[in-house]
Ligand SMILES: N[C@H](CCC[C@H](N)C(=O)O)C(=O)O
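Listed next as structure tokens is one chain, alone, in the form predicted alone.
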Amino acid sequence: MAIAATVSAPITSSNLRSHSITRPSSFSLINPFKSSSFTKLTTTSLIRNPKFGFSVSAMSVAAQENLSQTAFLDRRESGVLHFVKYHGLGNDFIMVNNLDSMEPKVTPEQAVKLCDRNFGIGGDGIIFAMPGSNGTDYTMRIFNSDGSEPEMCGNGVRCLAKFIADLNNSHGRQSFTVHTGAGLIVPEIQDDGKVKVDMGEPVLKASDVPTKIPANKDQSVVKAKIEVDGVNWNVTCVSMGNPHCITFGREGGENLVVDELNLADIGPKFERHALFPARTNTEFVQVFSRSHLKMRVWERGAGATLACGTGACAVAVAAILEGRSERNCTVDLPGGPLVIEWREDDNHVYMTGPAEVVFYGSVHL
């Protein structure tokens, strides 16, 4: 059973080792770093499964009134990983305080087990908050749920920003610099708690996305034809530090109704198409107006997710390049909306959206 806020029934076993994970008995979304969050708690036991690694049970425990704000993640226990689960519009991540090392505390193989929604914690990936490099305040690394390592993640960097603010017990408007595999990213926490991220300049040169689709506009791929499973699609290719293939529909067809797509069938065929040497994220887009788009995404290494921040940025860029959108628009994702702006003055893409705490816990690796 996946570890989730709805778990209440205990699971018992006489021969499995159990480990604790703490979450609020009301199951509301809270900030676990505030001392007031520790007044009413439920402890859930992560149970070691010999084959897969993890299961779950739940029981009530006494309030832990005296826990300090950072006591939980400051614990140092051999072989134990302390984590916090965050989500950005349903795109969920296991956040790890890795500020004492540039070496991830979890291997890619362990990440696959931890992200498993049936036998692990559950998540679209694991994000490590690391010391800054190349003059930045922090470094961000990610392992996807399949163990691969993407360059960057838009929803993930918003979660990282809130995670760091919680670790520092800081409040209000604040910003910092983050080194990622896609380069410098600058998130800023707004007064309303949402996070605005300077995602940098989009990469449009075909060979740098990368894609083998021949460039058809300057050095870019804009509304070009690609055959997938015997069907011709019109696609635009954009990199936001990671590769994206964006389509608004099939060649000669009507605009997409994205909710009618069989994403699990078509998504992997785009992701692993021979024209994308590094594989690709794929966004299927429906246009409501010049300021309102709707997308579904098949993420490279994670599959169908509820949100993709870099994907929403790439969608806005593609819509502008194809003449479908203004430079400031709302992109609806299955998990909720993001506001995207591609500024003409600096050529940077800005993404604004939420990031929320789900729960926190510990697991033996």
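So that there is no doubt, residue numbering starts at 1 and follows the sequence shown. Given the structure is predicted, the values throughout are model-derived calculations rather than measurements.
The same protein has a further form, the form predicted together with the ligand, not shown here; the description that follows concerns it.
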Response to the item:
Partner-free chain; cross-checking the ligand in the predicted bound form, the single residue of T247, N144, T139, N98 with a heavy atom within 4.5 Å is N144
Fill in: Distance check, A314 to the ligand in the predicted bound form, heavy atom within 4.5 Å
no
Worksheet item: Using 4.5 Å between non-hydrogen atoms, is T211 touching the ligand in the predicted bound form?
Response: no
Worksheet item: Does the ligand come within 4.5 Å of any heavy atom of P150 in the predicted bound form?
Response: yes
Discussion item. How about F93 - does it come within 4.5 Å of the ligand in the predicted bound form, if we only consider non-hydrogen atoms?
Written reply: yes
Practice prompt. Please state whether all three residues T180, G200 and H348 have a non-hydrogen atom within 4.5 angstroms of the ligand in the predicted bound form.
Written response: no
Item to complete: Name the stretch, out of 219-227, 164-172, 85-93, 202-210, where some heavy atom lies within 4.5 Å of the ligand in the predicted bound form.
Response: 85-93
Worksheet item: From first to last in sequence, which residues of 223-255 have any non-hydrogen atom within 4.5 angstroms of the ligand in the predicted bound form?
Response: N242
